[in-house]
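Quick heads-up: it's one chain on its own, the form predicted on its own, in structure tokens.
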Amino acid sequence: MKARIGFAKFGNMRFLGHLDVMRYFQHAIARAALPIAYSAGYHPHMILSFAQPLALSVTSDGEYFDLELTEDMEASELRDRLNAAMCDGFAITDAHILPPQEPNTKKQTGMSQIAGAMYLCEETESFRGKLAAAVEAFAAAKNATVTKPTKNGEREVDVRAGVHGVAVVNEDGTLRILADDGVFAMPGSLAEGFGEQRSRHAIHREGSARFVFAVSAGSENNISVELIGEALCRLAGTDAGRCLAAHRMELYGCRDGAMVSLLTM
């Protein structure tokens, strides 16, 4: 049996790197006494596959990993047993039993299905009051090019082309949509569409402007919050720096031309 687990990462655990997160869940699965499947060979390991790694200091309510079990379980029991093994800073939000793989088809994992992500961001302390106009200009621009480091050096990336939705968060939690090309179903508020639980662990400092960005994600075209921040710094005419504190609300896959939660892909 294969299942997809949704989890939140917050608090001090936002400083935990991806490899440490993987090791943490291996221990949590053992504590929960789940009938986890292991690979064959001389060095068997738990069959786990994590979706897109989360950058350091970024919180999230929309993280996922796939696991394989040797026995069938109800999704609710799987979620509850894992939650009982969590420490502060991690929480299991969802569990979904994946359908059996069709014969003669390529194995699909959460990582291979990722097509988009939605981030809730706010100005960091040193950039407070400096980004609102830059976000408006970014949403209205046709392109916004930045330099992205790669394994083979550097290359120019048009960040704007990979951002499909931009919104400002009003004080009451509603969104003022600045740009929406229809790829994502941009919600009208933080509580609409994916529910308030998708933003409940976001760090928010009173007086800081907040924004929502719906972006392309995955191995082909991945737009990170760092790239968006660099583009905003250029538009604001300020020195480059960490101008956005980010919270990932959701990861998406593409089904029938529409973005849907990775949980049910």
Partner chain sequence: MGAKLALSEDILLTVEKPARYIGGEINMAIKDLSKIDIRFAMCFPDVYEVGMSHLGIQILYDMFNRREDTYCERVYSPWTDLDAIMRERHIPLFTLETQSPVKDFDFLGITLQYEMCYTNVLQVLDLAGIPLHAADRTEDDPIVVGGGPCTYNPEPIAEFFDFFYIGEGETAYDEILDLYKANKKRGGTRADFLRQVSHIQGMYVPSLYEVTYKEDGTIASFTPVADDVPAKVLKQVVTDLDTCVYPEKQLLPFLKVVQDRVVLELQRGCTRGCRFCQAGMIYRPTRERSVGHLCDIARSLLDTTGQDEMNLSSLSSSDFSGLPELVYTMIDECRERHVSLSLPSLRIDSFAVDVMQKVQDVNRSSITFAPEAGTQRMRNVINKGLTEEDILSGASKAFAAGWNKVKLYFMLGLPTETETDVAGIAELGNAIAREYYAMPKELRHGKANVTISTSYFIAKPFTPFQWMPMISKDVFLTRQRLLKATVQEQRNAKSLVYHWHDAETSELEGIFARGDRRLSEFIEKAYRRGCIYDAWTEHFKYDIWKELMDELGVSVEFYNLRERPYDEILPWDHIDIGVKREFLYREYEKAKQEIVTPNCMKQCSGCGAAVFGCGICVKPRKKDGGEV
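Quantities reported herein were computed from a predicted structural model and do not represent experimental measurements. Residue numbers count along the first chain shown, from 1.
The form predicted together with its partner chain is left out here; the points below concern that form.
J.: At 4.5 Å by heavy atoms, is each residue in D20, H27 and R205 next to its partner chain in the model of the complex?
T.: All of them do, each having a heavy atom within 4.5 Å of the partner.
J.: Using 4.5 Å between non-hydrogen atoms, is A132 touching its partner chain in the model of the complex?
T.: No, no contact at 4.5 Å.
J.: Tell me, yes or no, whether L56 is in contact with its partner chain in the model of the complex, where a contact means a heavy atom of each within 4.5 Å.
T.: So L56 counts as contacting its partner chain.
J.: Taking its partner chain as it sits in the model of the complex, is C87 in contact with it (heavy atom to heavy atom, 4.5 Å or less)?
T.: Contact with its partner chain, yes.
J.: Residue-level contact is defined here as any heavy atom of the residue lying within 4.5 Å of its partner chain in the model of the complex; does C254 satisfy this criterion?
T.: It does not: once its partner chain is placed as it appears in the model of the complex, C254 has no heavy atom within 4.5 Å of it.
J.: Among 206 to 214, 36 to 44, 60 to 68, 220 to 228, which stretch sits within 4.5 Å of its partner chain in the model of the complex, heavy atoms only?
T.: Heavy-atom contact with the partner occurs in 36 to 44.
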